[in-house]
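Alright, two takes on the same chain below, each alone as structure tokens: structure 1 and structure 2.
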Structure 1
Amino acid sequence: MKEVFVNSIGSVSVQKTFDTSGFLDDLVDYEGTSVKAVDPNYKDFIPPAAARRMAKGIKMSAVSSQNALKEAGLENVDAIIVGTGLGCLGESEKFVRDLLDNDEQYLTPTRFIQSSHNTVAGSIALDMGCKGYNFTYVHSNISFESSLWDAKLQLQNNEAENILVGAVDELVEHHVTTHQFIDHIKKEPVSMKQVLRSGTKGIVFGEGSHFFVMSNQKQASTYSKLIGMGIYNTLANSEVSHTIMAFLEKNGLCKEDLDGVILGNNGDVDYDTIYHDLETSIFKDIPQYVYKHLSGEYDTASGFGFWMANKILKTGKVPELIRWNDIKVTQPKRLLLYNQYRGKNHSLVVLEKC
């Protein structure tokens, strides 16, 4: 089986990650219960005639995918695989609202076209003329990991050489309102520095798009090697640490081999305890990093974590605001990412500097 590399990255998020030269140098603070992505100048990436019909998720993905392709030195890929929890939800909401408001009459085509989950993968393929495998995974908060898994298998088996893998979700007002009602999103505004220690129920909702060129060929731009990954839809809280240890062993590793663990803490007092249990047990002697105070939480926020892990491995830099404990390692070489949402859909990914 072939090895799998992350050859390039691209991101649009709540932080200025569209600036490919920096790495969380100029953080964007917020005070709220939902936080929108910082918009790049979309006109630099998308012709105005095309942009006028694009939902936010497509626009963000046009930028992040183009940045990833440019860095990889590619104009086309063998496959495009995208993970999204909610797709272009904004257009779906508008389409449904039009249905209701106009008594199922006067439905316009644009919103319908954009209301499907696979709009992003399709739009990118159309833009670059990619006629290869095009797939969208819609699996809640393991949507991105499912895409990654598919890409990993294809690359390992040499069914493809370069695959564009993406993660995208957009913030929509109605979704925030309904999820606040059921305590999944915080009711009281919090700031970036407060959110992970807020001690309240729910999360701060965010949005973003993160794309990566995955390949079975290492090149000058390569960020990391994908060592292993695991997805667990259901897992009792008491089984998490045992499962992580078994996962590491299966990949020929032990916890001492890790230079850091990137945790998906999102500030929800009811479910961050799963992370806290690990922080004080199997991960207590390992540098711990967090990121969802910077990105907000959304189904594919782990794409931001994956982007951050690759940046750390390539630059050797660890921004102060992502440190979760006091243990420091210079030039981290191997990182474990662990994520879960509301105690379900746990994912593990190990990346290694190369």
Structure 2
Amino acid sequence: MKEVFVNSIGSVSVQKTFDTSGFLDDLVDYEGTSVKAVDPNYKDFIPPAAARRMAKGIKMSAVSSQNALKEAGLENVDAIIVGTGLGCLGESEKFVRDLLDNDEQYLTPTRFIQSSHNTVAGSIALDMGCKGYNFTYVHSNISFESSLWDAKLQLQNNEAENILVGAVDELVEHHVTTHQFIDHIKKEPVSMKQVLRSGTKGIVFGEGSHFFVMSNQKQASTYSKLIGMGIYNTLANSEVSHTIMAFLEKNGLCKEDLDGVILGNNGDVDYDTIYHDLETSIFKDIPQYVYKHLSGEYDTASGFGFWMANKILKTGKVPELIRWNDIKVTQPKRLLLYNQYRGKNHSLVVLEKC
């Protein structure tokens, strides 16, 4: 089977990641229970008349996907695969509100058309004229990993050469309010620097769009090689460390082969204990990095972690604010990403510097 490479990246997030030349050089601080993405100048990527009719998720994805394609030197791809937890739920919310406010009359179809989960993948395909495989995974917090795995299988079996893989979720007011009510989102505002050590229940909700050109052909722009993946729906806390060690062994690795582990801590005191147990056991001698204090938590926040891992491997730089312990390594070559949400849907990804 062929090897799989990450040839380019693009991101719009709570941080200024749309600027592809930098790497968390100008951090955006916040204090709240939910935080919105930093908007690029959409006029540079989308005609203003079209942008006015687009949902937030579509606009973010237009920018991040265009940046990824440009860096890879491509105008088209063989397939587009997107992972999303909520899709364009904001447009669904607005459409239902219009139904009520206008007594089910004089409705324009735009919001209904843009309200489906596969709108992002379809919109990108229409813009570039891609008539290939087009698929959207809606698998909660492993939506991005499901998309990545699909692309990996196709590339390994030479069914495609270049695939655009994306992760997108937008912040929706009603969804935030509902999850605050059930204590999934923090009750009190918290700052970026404090969220992971807040000691309180719930998360800080965020949003973002992250796209990557995956290929079975290495090129000058290549960031990393995808070594292996694992997805596990349910694991007892006592099984997590054993599962990780078995995963590494299956991929011909041991924990000493890792130059760092990127953890999905999100500041929820009830579930970050899963990470804390690993931090003090199998990962205690390995550099540990975190990212959800920068991105916020959402179904495809692991896409931000994937973006960050690729930046680390390509630049050899590790920003101080993402370090979770005092162990340092110069020029990291192999990283493990581990994520879970509320004790379910555990995912593992290993990337290697090319």
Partner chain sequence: MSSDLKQELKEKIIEQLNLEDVTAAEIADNDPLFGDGLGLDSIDALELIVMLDKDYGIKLADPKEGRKIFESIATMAAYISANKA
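Shifts are known only where both forms have a C-alpha. Rigid core (definition): largest C-alpha set, two forms, superposition within 1.5 Å. Numbering runs along the sequence of structure 1, starting at 1. It should be emphasised that the depicted structure is a prediction, and the values quoted were computed from it without experimental measurement.
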property	result
Form predicted alone - which displayed structure it is	2
Taking the rigid core as reference, consecutive runs of 3 or more residues that move 2 angstroms or more in Cα between the two structures	96-108
